[in-house]
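Presented below, as structure tokens, is a lone chain in the form predicted on its own.
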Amino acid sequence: MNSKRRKVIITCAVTGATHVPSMSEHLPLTPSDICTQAIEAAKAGAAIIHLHARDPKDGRPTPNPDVFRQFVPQIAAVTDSVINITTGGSTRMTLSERLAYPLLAAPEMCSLNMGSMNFSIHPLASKITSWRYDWEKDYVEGMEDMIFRNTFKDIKHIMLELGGRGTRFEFECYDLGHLYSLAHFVDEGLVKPPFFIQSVFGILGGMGADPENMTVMRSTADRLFGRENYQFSVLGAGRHQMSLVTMGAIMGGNVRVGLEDSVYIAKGVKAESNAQQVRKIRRILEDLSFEIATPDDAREMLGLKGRDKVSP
């Protein structure tokens, strides 16, 4: 394996749409908080910054382009990290809402979920005794009866609309079948290598956080796409974050951390910032003699269009 492929891309998912404010006082909610934490994560070594928006009044997820505009340009102005905008939004958003800002910004990268699924953290509701905002309890408990919709037609629409603007994708795969869905779109000619496959482990409704599952995902992706045609990355949800992503790097992949995926830095200890998680995984990787990819390394590895071709 050549040295370029052994550079490890660190993605930081700053806030997401799954965790609610009552789960951590450190979860960034306002545009200012998201901006500050994203910049700190970039300085700590995150080559890719993955972004959602939240209503600054109460922290609920929002697709509002005006909110995104309050932090995305500022992050881009002071870092050279790749900006990756969600197209997943939240399970309660329509497809047009989820695409409202990405279609305006045409970023270098967007996330793209590769299938409809049950996606839930509703069991956590029973562990929270005090809710910070009145929307949170119903939001978390309501996930038990929600489907995260990503039909073949939805996925194709996103690929055509954003792909036509030069945006490439972080293909989020929560199950083995999602790799086969991606292979279908490859056969259709809608996406071309290099692919960035983000394997997601530990979400209720998706794959469990078991090493055996990671091995199956890796070997299946090799068989479907050829290892030279894709970059493998690993996301471990909750308590599985650091152990799973470290294993992913050892298997030749890249890593994703951030408060979207886990609000902890160690067992029972809340992470105080996204940058703290980035610094921890960077230390682990460097102790294992891996080289950390710069943003420009990531652009080359993933075939991105470059920050100069992104809308203001």
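Just count from 1 along the sequence shown to find any residue number. Owing to the predicted nature of the structure, the values given are computational and were not obtained by experimental measurement.
Just so it is clear, the following notes concern the form predicted together with a small molecule, a form of the same protein that is not shown.
Is there a heavy atom of residue 163 lying 4.5 Å or less from a heavy atom of the small molecule in the model of the complex?
Heavy-atom contact with the small molecule at 4.5 Å: absent for residue 163.
Is there a non-hydrogen atom of residue 86 within 4.5 angstroms of a non-hydrogen atom of the small molecule in the model of the complex?
It does: once the small molecule is placed as it appears in the model of the complex, residue 86 has a heavy atom within 4.5 Å of it.
How about residue 101: is it within 4.5 Å of the small molecule in the model of the complex, going by heavy atoms?
Residue 101 lies outside the contact set for the small molecule.
Check whether residue 198 has any heavy atom within 4.5 Å of a heavy atom of the small molecule in the model of the complex, and answer yes or no.
Answer no; every heavy atom of residue 198 is more than 4.5 Å from the small molecule in the model of the complex.
Full three-residue contact with the small molecule in the model of the complex, heavy atom 4.5 Å, for 169, 229 and 297
Checked in the model of the complex: no contact with the small molecule for any of the three.
Heavy atoms within 4.5 Å of the small molecule in the model of the complex: which stretch among 129-137, 109-117, 184-192, 207-215?
One stretch meets the cut-off, namely 109-117.
Since exactly one of 304, 17, 14, 9 fits, which has a heavy atom within 4.5 Å of the small molecule in the model of the complex?
Of the candidates 304, 17, 14, 9, 17 is the one lying within 4.5 Å of the small molecule in the model of the complex.
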